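Next comes just one chain, in structure tokens: the form predicted alone.
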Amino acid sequence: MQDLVGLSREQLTNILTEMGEKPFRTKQLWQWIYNKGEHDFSKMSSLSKAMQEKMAENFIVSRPEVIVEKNSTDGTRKWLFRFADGQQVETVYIPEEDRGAVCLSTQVGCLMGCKFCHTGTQKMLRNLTAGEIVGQFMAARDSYGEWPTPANETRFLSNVVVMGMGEPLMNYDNMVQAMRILMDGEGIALSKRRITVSTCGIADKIPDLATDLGVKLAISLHAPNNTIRNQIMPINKKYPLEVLIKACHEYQARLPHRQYITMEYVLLKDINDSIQNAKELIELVKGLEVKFNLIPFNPWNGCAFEPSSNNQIHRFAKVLEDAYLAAPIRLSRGQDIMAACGQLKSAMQKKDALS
């Protein structure tokens, strides 16, 4: 049974043509799957009875299986999903006042090995398919009942951030196809301005992101110089900061309208949080349109790093702000449900091993 979720319009059209169906059926099926969220062919009323039966005999419209759903006191919701081959990933919804972002994973595990990241301790097993990436958002919509109906036009799941488990630019083609499906105007219809793709620094793919998608970019920066970044982010040895920053300039040059790049920066006590480090950052990003997202470190068992003090974080932020760089301090979210990437999966695997 072939899964239709994750197929491009062209792929879906080819399937229907082989079945002897007219091209207009692609639009009908696309809207049922991605606009209405329907996965039961017998409820797709604009399709003929014969076509409904033929589709049900040969195809599925899947969702990942929900193994665990956890809800935080601050409104964060986290899922541990399982796919058909048994592999698992995490997805998180992070709320704001009247909207929020769904954080999607792109790989099972991660090869990047960032020293402060819990997912980096998990073995890299495989890339997710486009359908598995899209399916996370669709399952989140199921959970919140946000498929449009005449009685429901609520939209809490308004944004997507591709910064869950894995490195998105190491699964580039599947990630791009998934984002194009999410942005398609006759389906889920997310604006490119509401999608952010994060990378730890796969520099040769960053300019392509502007050309292929035009979505927002976030860089997991976390260091102001190569010496520190080499210590905490192995990818820096392949793509040092001068190469990464050059790619960021190229990304902004390719966009029709320049937009800010978000520089993600986890503050680690006595590692990257000094006033001198903040001053180095100011020099590093000169000529780029950027804003910083300062992130207090969320400690986890087995990691030697400690969070910077609250006072030091605010001193660090003020140096950036005095240089007219936006540097909000991100609140820790969902700590009571292990919302940091990889924590819930590791906890469940440990529990399964002991049971």
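Residue positions are given as counts along the sequence shown, with the first one as 1. Values in this document were obtained by computation on a predicted structure and should not be read as measured data.
What comes next is about the form predicted together with a small molecule, which is not displayed.
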Per-stretch contact check against the small molecule in the predicted bound form, the hit in 136-144, 276-284, 113-121, 67-75 (non-hydrogen atom, 4.5 angstroms): 113-121
The small molecule contact at residue 167 in the predicted bound form, heavy atom, 4.5 Å: yes
Residue contact check: residue 198 to the small molecule in the predicted bound form, 4.5 Å heavy atom: yes
Residue contact check: residue 51 to the small molecule in the predicted bound form, 4.5 Å heavy atom: no
4.5 angstroms heavy atom contact with the small molecule in the predicted bound form for residue 62: no
In the predicted bound form, the one of 247, 266, 181, 209 near the small molecule [non-hydrogen atom within 4.5 angstroms]: 266
Option touching the small molecule, based on a heavy atom within 4.5 Å in the predicted bound form, out of 203, 130, 163, 217: 163
